[in-house]
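The chain below stands alone, shown as structure tokens; this is the form predicted on its own.
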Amino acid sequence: MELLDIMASRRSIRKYTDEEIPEEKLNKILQAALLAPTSRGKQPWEFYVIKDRVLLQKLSEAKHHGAALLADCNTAIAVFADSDLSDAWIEDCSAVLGYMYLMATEQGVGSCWVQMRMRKDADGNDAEQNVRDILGVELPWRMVGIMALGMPAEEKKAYSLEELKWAKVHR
């Protein structure tokens, strides 16, 4: 598949089968993360690969809305960055998550970015802090989100290049 085709096919997949993600596919997704661009080459990130069902269930409750799928995914990758090392940690983590999205699509793995930064749980507590507490990660490590991964149990139609909103482009 060409890159533009992969981009058009990339959809947030929230339903997964019980099938394990083959290790070579997971490694490619992690390679893509490690190849993501980073401000001034600082690579302030670290990735926590979570497969433990108990941890995935706890993470699914870390925020009020949009994290429930973590309980049913096969693997989650929590993306953290040392906020003391780089003032562009948010941008760096966002690029990582985008690269993982594209590689997961290319590998036939379903994926969904679960936003945690600036989100709350059902009791109004900070979702990012909840994740740090669950995983035992201390400040200055911060996170943008978690990538949920699994073999897809749903199929979504690719975006159409003919339907792109060119009015948003100003030349």
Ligand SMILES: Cc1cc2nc3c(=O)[nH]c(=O)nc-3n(C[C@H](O)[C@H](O)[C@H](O)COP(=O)(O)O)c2cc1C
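What you see is a predicted model, and the numbers here were worked out from it, not measured in a lab. Residue positions are given as counts along the sequence shown, with the first one as 1.
FYI, the form predicted in complex with the named molecule isn't displayed, but the following is about it.
- Mapping the unseen interface onto this chain, Asn27 falls outside it, with no heavy atom inside 4.5 Å of the named molecule in the predicted bound form.
- A residue is said to contact a partner when one of its heavy atoms sits within 4.5 Å of a partner heavy atom; Val114 meets this definition for the named molecule in the predicted bound form.
- Within 4.5 Å of some heavy atom of the named molecule in the predicted bound form lies at least one heavy atom of Tyr101.
- The named molecule in the predicted bound form is not approached by Pro37, whose heavy atoms all lie more than 4.5 angstroms from it.
- Stretch 58-66 is the contacting one of 39-47, 133-141, 102-110, 58-66, since its residues have non-hydrogen atoms within 4.5 Å of the named molecule in the predicted bound form.
- Although the named molecule is not shown here, in the predicted bound form the stretch 1-35 places heavy atoms of Arg10, Arg11, Ser12, Arg14 within 4.5 Å of it, in sequence order.
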